[in-house]
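Quick setup: one chain, the form predicted on its own, written in C-alpha coordinates, and binding and motion questions come after.
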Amino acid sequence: MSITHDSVLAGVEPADLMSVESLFSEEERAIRDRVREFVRSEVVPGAAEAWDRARFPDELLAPLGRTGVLGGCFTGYGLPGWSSVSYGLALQEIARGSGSLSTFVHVQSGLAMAAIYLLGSEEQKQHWLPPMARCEQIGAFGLTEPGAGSDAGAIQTLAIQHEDGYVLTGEKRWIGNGTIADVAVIWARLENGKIAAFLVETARPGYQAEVIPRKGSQRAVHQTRIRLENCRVPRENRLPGAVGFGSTRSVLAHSRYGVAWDGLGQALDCFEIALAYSKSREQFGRPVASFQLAQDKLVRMLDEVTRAQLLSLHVGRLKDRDEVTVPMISLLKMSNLAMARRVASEARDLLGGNGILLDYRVMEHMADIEGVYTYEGTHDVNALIVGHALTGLRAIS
(Lines give C-alpha, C1' and ligand atoms only; values in the text may rest on other atoms or scores of the structure.)
Protein backbone atom coordinates (compact mmCIF):
# COMPACT_ATOMS: atom_id res chain seq x y z
CA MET A 1 0.00 0.00 0.00
CA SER A 2 1.38 3.41 -0.99
CA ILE A 3 1.48 6.00 1.79
CA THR A 4 2.51 9.65 1.74
CA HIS A 5 2.79 12.24 4.44
CA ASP A 6 -0.15 14.14 2.88
CA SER A 7 -2.44 11.12 3.17
CA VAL A 8 -1.46 10.61 6.79
CA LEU A 9 -1.95 14.24 7.82
CA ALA A 10 -5.27 14.35 5.98
CA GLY A 11 -6.42 11.43 8.12
CA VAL A 12 -5.49 12.94 11.44
CA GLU A 13 -8.55 13.49 13.60
CA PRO A 14 -8.80 14.02 17.36
CA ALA A 15 -8.95 10.76 19.37
CA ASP A 16 -11.11 10.93 22.49
CA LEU A 17 -11.70 7.46 23.87
CA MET A 18 -12.50 8.82 27.37
CA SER A 19 -14.92 11.52 26.13
CA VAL A 20 -12.86 14.39 27.53
CA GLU A 21 -14.72 16.50 24.98
CA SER A 22 -17.85 16.29 27.12
CA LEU A 23 -16.11 18.17 29.95
CA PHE A 24 -15.74 21.39 27.97
CA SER A 25 -18.41 24.05 27.67
CA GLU A 26 -19.96 24.95 24.35
CA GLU A 27 -18.03 28.22 24.31
CA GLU A 28 -14.73 26.47 25.07
CA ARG A 29 -15.29 24.01 22.22
CA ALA A 30 -16.20 26.84 19.84
CA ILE A 31 -13.01 28.77 20.66
CA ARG A 32 -10.88 25.63 20.30
CA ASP A 33 -12.49 24.74 16.98
CA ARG A 34 -12.02 28.26 15.59
CA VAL A 35 -8.31 28.20 16.46
CA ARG A 36 -8.02 24.62 15.17
CA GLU A 37 -9.34 25.70 11.78
CA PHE A 38 -6.86 28.60 11.65
CA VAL A 39 -4.04 26.16 12.42
CA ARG A 40 -5.15 23.60 9.85
CA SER A 41 -5.68 26.08 7.04
CA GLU A 42 -2.89 28.61 7.63
CA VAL A 43 -0.23 27.22 9.98
CA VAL A 44 0.29 23.56 9.12
CA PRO A 45 0.81 23.93 5.33
CA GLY A 46 4.00 25.95 5.75
CA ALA A 47 5.16 24.92 9.19
CA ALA A 48 7.73 22.25 8.27
CA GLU A 49 9.36 24.42 5.61
CA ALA A 50 9.59 27.41 7.96
CA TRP A 51 11.14 25.15 10.63
CA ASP A 52 13.61 23.66 8.15
CA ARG A 53 14.70 27.11 6.97
CA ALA A 54 14.74 28.58 10.50
CA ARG A 55 12.39 31.28 9.22
CA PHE A 56 9.81 32.99 11.41
CA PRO A 57 6.48 33.02 9.48
CA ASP A 58 5.63 36.68 9.94
CA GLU A 59 2.85 36.34 7.35
CA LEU A 60 0.85 34.60 10.09
CA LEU A 61 0.90 37.56 12.49
CA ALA A 62 -2.17 39.35 11.14
CA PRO A 63 -4.37 36.21 10.95
CA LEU A 64 -3.08 35.12 14.36
CA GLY A 65 -4.18 38.47 15.75
CA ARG A 66 -7.66 37.86 14.36
CA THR A 67 -8.06 34.58 16.27
CA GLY A 68 -8.41 36.50 19.56
CA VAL A 69 -5.94 34.25 21.37
CA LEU A 70 -3.49 37.01 22.33
CA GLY A 71 -4.29 38.25 25.81
CA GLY A 72 -6.18 35.04 26.51
CA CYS A 73 -8.08 35.24 29.76
CA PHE A 74 -7.40 38.93 30.45
CA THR A 75 -10.28 41.41 30.11
CA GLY A 76 -10.58 44.95 28.82
CA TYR A 77 -8.19 46.80 26.47
CA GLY A 78 -9.42 44.82 23.49
CA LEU A 79 -8.51 41.51 25.14
CA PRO A 80 -10.75 38.43 24.78
CA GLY A 81 -11.53 37.68 28.43
CA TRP A 82 -11.75 33.94 27.83
CA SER A 83 -11.83 31.31 30.53
CA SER A 84 -8.45 29.82 31.43
CA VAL A 85 -9.57 26.54 29.87
CA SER A 86 -10.51 28.27 26.61
CA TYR A 87 -7.10 29.94 26.53
CA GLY A 88 -5.40 26.63 27.25
CA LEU A 89 -7.31 24.88 24.48
CA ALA A 90 -6.36 27.63 22.02
CA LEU A 91 -2.69 27.26 22.94
CA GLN A 92 -3.02 23.49 22.62
CA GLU A 93 -4.24 23.88 19.05
CA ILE A 94 -1.52 26.35 18.06
CA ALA A 95 1.10 23.99 19.47
CA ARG A 96 -0.36 21.12 17.43
CA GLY A 97 0.37 23.14 14.32
CA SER A 98 3.73 24.60 15.30
CA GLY A 99 5.71 24.48 18.51
CA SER A 100 7.65 27.48 17.25
CA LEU A 101 4.55 29.60 16.68
CA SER A 102 3.20 28.66 20.08
CA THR A 103 6.45 29.92 21.62
CA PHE A 104 5.87 33.26 19.91
CA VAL A 105 2.41 33.34 21.49
CA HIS A 106 3.82 32.55 24.95
CA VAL A 107 6.24 35.46 24.66
CA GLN A 108 3.75 37.91 23.17
CA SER A 109 0.72 36.99 25.26
CA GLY A 110 1.92 35.02 28.26
CA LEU A 111 4.93 37.19 29.13
CA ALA A 112 5.05 40.64 27.51
CA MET A 113 1.32 41.37 27.52
CA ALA A 114 0.86 39.65 30.90
CA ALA A 115 3.59 41.83 32.44
CA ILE A 116 1.94 45.00 31.16
CA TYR A 117 -1.53 43.82 32.21
CA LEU A 118 -0.52 42.65 35.68
CA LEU A 119 2.18 45.20 36.53
CA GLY A 120 1.65 48.19 34.25
CA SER A 121 -0.02 51.55 34.72
CA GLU A 122 -3.39 52.34 33.22
CA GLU A 123 -1.71 54.49 30.57
CA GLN A 124 0.74 51.70 29.69
CA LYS A 125 -2.10 49.17 29.36
CA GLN A 126 -4.18 51.43 27.13
CA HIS A 127 -1.21 52.27 24.92
CA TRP A 128 0.23 48.80 24.37
CA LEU A 129 -2.34 46.07 24.95
CA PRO A 130 -4.88 46.71 22.15
CA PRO A 131 -2.33 46.72 19.30
CA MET A 132 -0.43 43.82 20.85
CA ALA A 133 -3.65 41.79 20.95
CA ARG A 134 -3.97 42.37 17.19
CA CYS A 135 -0.28 41.58 16.58
CA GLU A 136 0.18 45.10 15.26
CA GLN A 137 2.82 45.66 17.94
CA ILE A 138 5.18 42.89 19.06
CA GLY A 139 6.55 42.41 22.56
CA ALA A 140 9.56 40.71 24.15
CA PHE A 141 10.31 39.80 27.77
CA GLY A 142 13.89 40.32 28.88
CA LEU A 143 14.58 38.53 32.15
CA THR A 144 17.27 35.87 31.69
CA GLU A 145 20.93 36.71 31.13
CA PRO A 146 24.10 34.79 30.15
CA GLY A 147 24.83 34.21 33.85
CA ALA A 148 21.27 34.13 35.16
CA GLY A 149 19.01 31.43 33.75
CA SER A 150 17.23 29.34 36.36
CA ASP A 151 18.70 31.71 38.95
CA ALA A 152 16.92 34.68 37.37
CA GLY A 153 17.12 36.64 40.62
CA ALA A 154 20.85 37.01 39.98
CA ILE A 155 20.41 39.37 37.02
CA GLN A 156 23.11 42.01 36.63
CA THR A 157 21.54 44.45 34.15
CA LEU A 158 21.63 47.86 35.83
CA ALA A 159 19.11 50.70 35.78
CA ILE A 160 20.70 53.94 36.94
CA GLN A 161 18.28 56.75 37.71
CA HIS A 162 18.90 60.18 36.24
CA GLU A 163 16.94 63.42 36.18
CA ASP A 164 14.15 62.36 33.81
CA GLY A 165 14.33 58.58 33.78
CA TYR A 166 16.76 55.66 33.79
CA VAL A 167 19.84 54.47 31.92
CA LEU A 168 19.92 50.69 31.32
CA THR A 169 23.13 48.76 30.76
CA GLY A 170 23.50 45.00 30.53
CA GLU A 171 22.90 41.89 28.46
CA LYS A 172 19.95 39.53 28.07
CA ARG A 173 19.95 36.07 26.50
CA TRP A 174 17.31 33.63 25.22
CA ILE A 175 14.83 36.45 24.70
CA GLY A 176 12.05 35.50 22.30
CA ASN A 177 11.03 38.11 19.70
CA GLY A 178 13.93 40.41 20.61
CA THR A 179 14.78 41.28 17.00
CA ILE A 180 11.18 41.83 15.82
CA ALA A 181 9.72 43.45 18.94
CA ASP A 182 8.45 47.00 19.15
CA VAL A 183 8.77 46.97 22.93
CA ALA A 184 10.69 44.80 25.39
CA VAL A 185 9.91 44.34 29.07
CA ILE A 186 13.40 44.58 30.55
CA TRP A 187 14.12 43.52 34.13
CA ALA A 188 17.03 45.33 35.76
CA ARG A 189 18.62 45.95 39.13
CA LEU A 190 18.33 49.42 40.64
CA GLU A 191 21.15 51.16 42.48
CA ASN A 192 19.66 50.03 45.80
CA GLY A 193 19.81 46.39 44.66
CA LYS A 194 16.04 46.02 44.12
CA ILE A 195 14.73 44.63 40.84
CA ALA A 196 12.39 46.64 38.61
CA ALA A 197 10.99 46.35 35.09
CA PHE A 198 10.91 48.85 32.23
CA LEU A 199 9.20 49.14 28.87
CA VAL A 200 12.01 49.69 26.38
CA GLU A 201 10.96 50.66 22.88
CA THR A 202 13.40 48.78 20.67
CA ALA A 203 14.01 51.80 18.42
CA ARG A 204 15.72 53.57 21.32
CA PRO A 205 19.48 54.16 20.97
CA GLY A 206 21.42 51.62 22.99
CA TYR A 207 19.08 48.68 22.31
CA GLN A 208 20.72 46.01 20.14
CA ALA A 209 19.43 42.51 19.43
CA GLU A 210 20.77 39.60 17.41
CA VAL A 211 19.32 36.16 16.69
CA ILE A 212 20.94 33.18 18.43
CA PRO A 213 21.97 30.93 15.50
CA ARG A 214 22.18 27.19 14.89
CA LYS A 215 19.38 26.01 17.15
CA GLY A 216 18.16 22.43 16.94
CA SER A 217 14.82 23.28 18.59
CA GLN A 218 12.21 26.00 18.10
CA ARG A 219 13.80 26.80 14.76
CA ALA A 220 10.89 28.79 13.30
CA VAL A 221 10.91 31.34 16.11
CA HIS A 222 13.83 33.51 17.08
CA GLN A 223 15.47 33.68 20.49
CA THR A 224 17.89 36.54 20.78
CA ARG A 225 20.76 38.12 22.61
CA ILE A 226 20.01 41.70 23.66
CA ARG A 227 22.64 44.28 24.56
CA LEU A 228 21.68 47.44 26.39
CA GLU A 229 24.37 50.10 26.22
CA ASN A 230 23.45 53.29 28.05
CA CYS A 231 19.88 52.86 26.85
CA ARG A 232 17.81 55.77 28.17
CA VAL A 233 14.15 55.29 29.02
CA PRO A 234 11.80 57.90 30.51
CA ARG A 235 10.49 57.60 34.05
CA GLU A 236 6.98 56.77 32.83
CA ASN A 237 8.30 53.60 31.15
CA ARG A 238 8.89 51.90 34.48
CA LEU A 239 6.23 49.30 35.35
CA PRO A 240 4.79 50.51 38.67
CA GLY A 241 3.71 47.06 39.81
CA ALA A 242 7.16 45.51 39.34
CA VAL A 243 8.56 45.89 42.84
CA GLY A 244 11.28 43.32 43.54
CA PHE A 245 11.89 39.92 41.98
CA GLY A 246 8.71 38.53 43.52
CA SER A 247 6.78 40.63 41.01
CA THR A 248 7.79 38.19 38.29
CA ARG A 249 5.93 35.30 39.93
CA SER A 250 2.43 36.19 38.76
CA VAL A 251 3.66 36.73 35.20
CA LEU A 252 5.75 33.55 35.08
CA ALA A 253 2.96 31.47 36.62
CA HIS A 254 0.52 32.71 33.98
CA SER A 255 2.95 31.92 31.17
CA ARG A 256 3.92 28.56 32.69
CA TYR A 257 0.25 27.55 32.72
CA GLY A 258 0.04 28.21 28.98
CA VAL A 259 3.27 26.33 28.31
CA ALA A 260 1.80 23.23 29.96
CA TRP A 261 -1.02 23.22 27.39
CA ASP A 262 1.64 23.64 24.69
CA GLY A 263 3.21 20.33 25.70
CA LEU A 264 -0.20 18.68 25.66
CA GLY A 265 -0.94 20.01 22.17
CA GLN A 266 2.31 18.76 20.68
CA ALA A 267 1.85 15.35 22.33
CA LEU A 268 -1.71 15.08 21.00
CA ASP A 269 -0.50 15.81 17.48
CA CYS A 270 2.28 13.22 17.74
CA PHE A 271 -0.17 10.60 19.01
CA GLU A 272 -2.81 11.29 16.37
CA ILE A 273 -0.26 11.28 13.53
CA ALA A 274 1.15 7.98 14.81
CA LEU A 275 -2.35 6.48 15.05
CA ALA A 276 -3.30 7.53 11.50
CA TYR A 277 0.06 6.39 10.13
CA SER A 278 -0.04 2.97 11.79
CA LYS A 279 -3.53 2.32 10.38
CA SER A 280 -2.43 3.30 6.86
CA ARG A 281 1.09 1.87 6.69
CA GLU A 282 1.25 -1.81 5.71
CA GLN A 283 4.11 -4.20 6.49
CA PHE A 284 4.11 -7.99 6.17
CA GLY A 285 0.80 -7.69 4.32
CA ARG A 286 -1.16 -5.96 7.09
CA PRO A 287 -1.49 -2.55 8.75
CA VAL A 288 1.18 -1.75 11.33
CA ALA A 289 -1.66 -0.99 13.78
CA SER A 290 -2.71 -4.64 13.70
CA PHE A 291 0.45 -5.78 15.50
CA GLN A 292 0.41 -6.20 19.25
CA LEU A 293 3.56 -4.15 19.84
CA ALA A 294 2.12 -1.23 17.86
CA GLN A 295 -1.19 -1.37 19.70
CA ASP A 296 0.62 -1.43 23.04
CA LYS A 297 2.51 1.74 22.08
CA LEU A 298 -0.68 3.48 20.94
CA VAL A 299 -2.55 2.58 24.12
CA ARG A 300 0.29 3.81 26.33
CA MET A 301 0.43 7.08 24.36
CA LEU A 302 -3.34 7.53 24.73
CA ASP A 303 -3.06 6.83 28.46
CA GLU A 304 -0.42 9.55 28.81
CA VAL A 305 -2.23 12.25 26.85
CA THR A 306 -5.61 11.52 28.46
CA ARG A 307 -4.24 11.94 31.97
CA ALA A 308 -2.53 15.17 30.85
CA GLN A 309 -5.81 16.44 29.40
CA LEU A 310 -7.64 15.83 32.66
CA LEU A 311 -4.91 17.43 34.78
CA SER A 312 -4.77 20.46 32.48
CA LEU A 313 -8.53 20.86 32.60
CA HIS A 314 -8.57 20.58 36.40
CA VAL A 315 -5.86 23.22 36.86
CA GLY A 316 -7.63 25.49 34.37
CA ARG A 317 -10.87 25.26 36.35
CA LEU A 318 -8.96 26.02 39.57
CA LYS A 319 -7.32 29.01 37.87
CA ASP A 320 -10.71 30.40 36.86
CA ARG A 321 -11.83 30.14 40.49
CA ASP A 322 -8.63 31.86 41.72
CA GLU A 323 -7.76 28.68 43.63
CA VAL A 324 -4.61 27.71 41.74
CA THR A 325 -1.15 27.96 43.32
CA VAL A 326 2.34 28.30 41.86
CA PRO A 327 3.29 24.72 42.89
CA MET A 328 0.16 23.40 41.13
CA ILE A 329 1.17 25.12 37.90
CA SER A 330 4.77 23.96 38.28
CA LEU A 331 3.58 20.36 38.68
CA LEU A 332 1.33 20.71 35.63
CA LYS A 333 4.14 22.10 33.50
CA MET A 334 6.74 19.51 34.48
CA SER A 335 4.23 16.66 34.17
CA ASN A 336 2.89 17.67 30.75
CA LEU A 337 6.30 18.27 29.20
CA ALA A 338 7.80 15.05 30.51
CA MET A 339 4.74 13.31 29.07
CA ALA A 340 5.18 15.07 25.73
CA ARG A 341 8.78 13.91 25.52
CA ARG A 342 7.74 10.29 26.00
CA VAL A 343 4.84 10.44 23.56
CA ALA A 344 6.92 12.11 20.84
CA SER A 345 9.57 9.41 21.21
CA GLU A 346 7.00 6.61 20.93
CA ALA A 347 5.41 8.27 17.89
CA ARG A 348 8.74 8.62 16.14
CA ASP A 349 9.40 4.95 16.79
CA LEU A 350 6.04 3.92 15.30
CA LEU A 351 6.69 5.90 12.12
CA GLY A 352 9.95 4.06 11.55
CA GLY A 353 12.26 5.75 9.05
CA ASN A 354 9.56 8.22 8.03
CA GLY A 355 9.54 9.45 11.61
CA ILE A 356 12.70 11.47 11.04
CA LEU A 357 11.21 13.38 8.09
CA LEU A 358 9.88 16.86 8.82
CA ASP A 359 6.99 16.17 6.44
CA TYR A 360 5.40 13.94 9.07
CA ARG A 361 5.80 16.63 11.78
CA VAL A 362 6.75 14.24 14.61
CA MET A 363 10.49 14.97 14.49
CA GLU A 364 9.74 18.71 14.45
CA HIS A 365 7.60 18.30 17.57
CA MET A 366 10.20 16.05 19.17
CA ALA A 367 12.86 18.75 18.77
CA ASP A 368 10.57 21.63 19.74
CA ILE A 369 9.46 19.89 22.92
CA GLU A 370 13.08 19.99 24.09
CA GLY A 371 12.95 23.78 24.12
CA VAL A 372 9.62 23.90 25.94
CA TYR A 373 10.87 21.30 28.41
CA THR A 374 13.54 23.80 29.46
CA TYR A 375 11.95 27.25 29.29
CA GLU A 376 9.43 28.64 31.81
CA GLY A 377 11.27 26.74 34.50
CA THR A 378 13.34 23.65 33.76
CA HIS A 379 11.92 20.30 34.79
CA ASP A 380 14.23 20.15 37.80
CA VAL A 381 13.50 23.70 38.99
CA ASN A 382 9.77 23.10 38.80
CA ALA A 383 10.30 19.85 40.72
CA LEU A 384 12.05 21.82 43.47
CA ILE A 385 9.16 24.30 43.63
CA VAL A 386 6.79 21.36 44.14
CA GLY A 387 9.21 19.78 46.60
CA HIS A 388 9.24 22.95 48.70
CA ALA A 389 5.43 22.93 48.78
CA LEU A 390 5.44 19.30 49.93
CA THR A 391 8.14 19.51 52.59
CA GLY A 392 8.27 23.14 53.63
CA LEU A 393 12.03 23.01 53.02
CA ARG A 394 13.76 25.06 50.34
CA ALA A 395 16.27 23.24 48.15
CA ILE A 396 17.16 26.50 46.36
CA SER A 397 17.24 30.02 47.77
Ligand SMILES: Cc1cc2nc3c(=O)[nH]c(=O)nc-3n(C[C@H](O)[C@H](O)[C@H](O)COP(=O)(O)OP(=O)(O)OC[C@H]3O[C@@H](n4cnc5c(N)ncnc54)[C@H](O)[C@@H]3O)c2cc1C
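Keep in mind that this is a model prediction, so the values were computed, not measured. Quick note: we count residues from 1 along the sequence shown, nothing fancier.
There is another form of the same protein, the form predicted together with the ligand; it is not shown, and what comes next is about it.
At a distance threshold of 4.5 angstroms between non-hydrogen atoms, residue 208 is out of contact with the ligand in the predicted complex. Residue contact with the ligand in the predicted complex: residue 142 places a heavy atom within 4.5 Å of it. Among heavy atoms of residue 380, some come within 4.5 Å of the ligand in the predicted complex. In the predicted complex, the ligand lies within 4.5 Å of some heavy atom of residue 174. The listed set 371, 57, 355, 68 contains one residue whose heavy atoms approach the ligand in the predicted complex to within 4.5 Å, identified as 371. For the candidate set 159, 259, 186, 111, a heavy atom within 4.5 Å of the ligand in the predicted complex is found for exactly one residue, namely 111. With the partner omitted here, the stretch from 145-153, 78-86, 274-282, 311-319 that lies within 4.5 Å of the ligand by heavy atoms in the predicted complex is 145-153.
For the stretch 198-234, the set of residues having any non-hydrogen atom within 4.5 angstroms of the ligand in the predicted complex comprises 218, 223, in sequence order.
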